[in-house]
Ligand code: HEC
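Presented as structure tokens, the chain that follows is alone, the form predicted on its own.
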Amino acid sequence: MKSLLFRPVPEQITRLSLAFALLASGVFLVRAHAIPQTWLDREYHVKSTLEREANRPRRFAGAQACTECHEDQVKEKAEGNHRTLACETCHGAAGKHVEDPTETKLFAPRLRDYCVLCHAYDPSRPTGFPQINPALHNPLKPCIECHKPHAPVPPETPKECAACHGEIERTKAVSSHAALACTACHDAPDAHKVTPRLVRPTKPQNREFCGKCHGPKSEEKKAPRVDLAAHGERYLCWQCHYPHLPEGK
């Protein structure tokens, strides 16, 4: 035991300890003499950051600033489908316009290419979001001829389901249900066309509904026949067949 206590320290350990000591001393000296104290002062950083941000050129004015001069437009937008959209989303940063309205005019979208940034058909958008095919929907005609920008409710409620359900319509168009009207399976109240998220259309709730066309006694000559008592057992038809593309699964 005595020999272990008085055994010489390996030279590698001595060198490593010396290196750590020199490094720690160097860090201490640099922090104490080379780094400005302002770099380490939190209150100084907070104060200087606030001053810097306050002195930045003002780009956006905010919705409240628009209300002071454009009360009618703001009120109309608040009651329309664009109520959650900031004014500067379409008109651009309004900071300079608020400072001098006569000298700085805001951008006002007039052409189709701006509205379609949000309303061109895109399958990733939520169901029910108004979407169009720009090549087919009133081609070459400016959107503002039919829609008020601040309350873009169409002049007539869309009669075709495809106006909101474009993805479903395109899927159904290449299926065996292409010639089948949406109302053959769904009952859509008029209120659904105005408030689609609050009033939902009906959906078939049992196997017998599909059996009207596909059951053994159906009068539909071209519809595939199945024995409802044996086919699919207790499962609902749409648990295996997607209704808008029934041959897809």
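Each form is matched to the other, and the largest set of C-alpha atoms that superpose within 1.5 Å is called the rigid core. Numbers follow the displayed sequence, beginning with 1. Everything numeric in this text was worked out from a predicted model, so none of it was measured.
The discussion below concerns the form predicted together with heme C (HEC), not included here.
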Flag residue 174 as yes or no: does it have a non-hydrogen atom within 4.5 angstroms of any non-hydrogen atom of heme C (HEC) in the model of the complex? no
Taking heavy atoms only, is residue 20 within 4.5 angstroms of heme C (HEC) in the model of the complex? no
Verify the contact flag for residue 54: yes if a non-hydrogen atom of it lies within 4.5 Å of a non-hydrogen atom of heme C (HEC) in the model of the complex, no if not. no
With a 4.5 Å heavy atom cut-off, would you call residue 41 a contact of heme C (HEC) in the model of the complex? no
Judged by heavy atom distances of 4.5 Å or less, which residues of 76-94 approach heme C (HEC) in the model of the complex? 77, 81, 82, 84, 85, 86, 87, 88, 89, 90, 91, 94
Superposing on the rigid core, is the Cα displacement of residue 210 between this form and the one not shown 2 Å or more? yes
Residue shift check between this form and the one not shown, rigid core fit, residue 190 Cα at least 2 Å: no
Please say whether, between this form and the one not shown, the C-alpha of residue 200 moves by 2 Å or more once the core is aligned. yes
